[in-house]
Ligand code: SAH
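Below, in C-alpha cells: the form predicted alone, a single chain.
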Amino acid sequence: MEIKRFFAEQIDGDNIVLGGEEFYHCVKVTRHKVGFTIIVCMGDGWDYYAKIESIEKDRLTAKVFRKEQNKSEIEGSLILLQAVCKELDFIVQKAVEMGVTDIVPFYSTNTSVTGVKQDRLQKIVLEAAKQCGRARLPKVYEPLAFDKAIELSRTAENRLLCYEHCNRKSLKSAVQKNTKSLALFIGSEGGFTELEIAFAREKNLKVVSLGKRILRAETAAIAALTLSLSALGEL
C-alpha cells in the first residue's frame, strides 16, 4: 500500500496529532487504521514517517519512527504573482506542483474576473502539495491591486514581468542564476496595458518575453515557471 502524506500542525516529541480535515481524510476517506504508517509534514521541510497509535473521535496520534529531509523543495523562494483569471485554480495547482513558495493573485486593468475563493485555493494548494510529495505548503495571499503586488515583490532579489509584446530580453536570460528569491508576474487573459508596463519598469521590474507566440494565461504561467526553474537548476 502506498504511504499517504498528510499535513499537521502539532508535534510533541515523537508524537504527532492529526486533526481537522486531514484527520477526516486519513480515517474516513483513505481508511487508515491503528498500525498504519503515514508520512506527516509540519511545514519545516522534513518528512516524518509515523505509525498510527490511536484514533479518537476527532483526531489521531501517530508516533514518529523516522525523519527524512524532503528533497522536492527548492532552495530560496519562488513567488508567482498571477493576475486573477478564469484559470486561476488550475494555475495555482500547477504552480504548487512546480515548487513555488508563494502565490499572490492580483487585479490589473484587463482583469475580467472578480472575486477569488480563498478557501478553495487553500484546498487546491493542500491537495497539490500532497500529490507531488512536498513538505511545505505555499502561502496564498489575498488578492491585491497591481501596484500593491509590485510593492510586495520588492522582497525578491530578481523581479521579472512577462509581457507578450516584449522582444528585447528573454525570461531565461534574465533569471539570475545565483538568486535566492525570484518573483514572476503573469498577466490575465487580456495581458498588461502599456501604462502598467511603464509603471512596472519605473519600479525596477525587468520586462521579459516568453517567446514568439502569445500564450494563454495558464500556459504563460507554466512556461515561465519551467524556464525559471531550469535557469536556476531546480527542475
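Residue indices: 1-based, along the sequence shown. All figures in this text were calculated on a predicted structure; none of them were measured in a lab.
If you look for the form predicted together with ligand SAH, you will not find it shown, but the lines that follow are about it.
> Using 4.5 Å between non-hydrogen atoms, is Leu215 touching ligand SAH in the predicted bound form?
It does: once ligand SAH is placed as it appears in the predicted bound form, Leu215 has a heavy atom within 4.5 Å of it.
> Find out whether any non-hydrogen atom of Ala220 is located within 4.5 angstroms of ligand SAH in the predicted bound form, and reply yes or no.
Result yes; Ala220 sits at the interface with ligand SAH in the predicted bound form.
> Even though the partner isn't displayed, in the predicted bound form is Ala156 close enough to ligand SAH, meaning a heavy atom within 4.5 Å?
Residue-level check for Ala156: no, no contact with ligand SAH.
> Is Gly43 close enough to touch ligand SAH in the predicted bound form, meaning at least one heavy atom pair within 4.5 Å?
No, Gly43 is distant from the partner.
> Exactly one stretch in 33 to 41, 46 to 54, 65 to 73, 188 to 196 has heavy atoms within 4.5 Å of ligand SAH in the predicted bound form; which is it?
Of the stretches listed, the one contacting the partner is 188 to 196.
> Tell me, out of Val27, Leu205, Val208, Val175, which residue has a non-hydrogen atom within 4.5 angstroms of ligand SAH in the predicted bound form.
Going through each option in turn, the one that passes is Val208.
> Looking at Glu127, Glu97, Asp147, Glu164 here, can you tell me which has any non-hydrogen atom within 4.5 angstroms of ligand SAH in the predicted bound form?
If I apply the 4.5 Å criterion carefully, the residue I get is Glu164.
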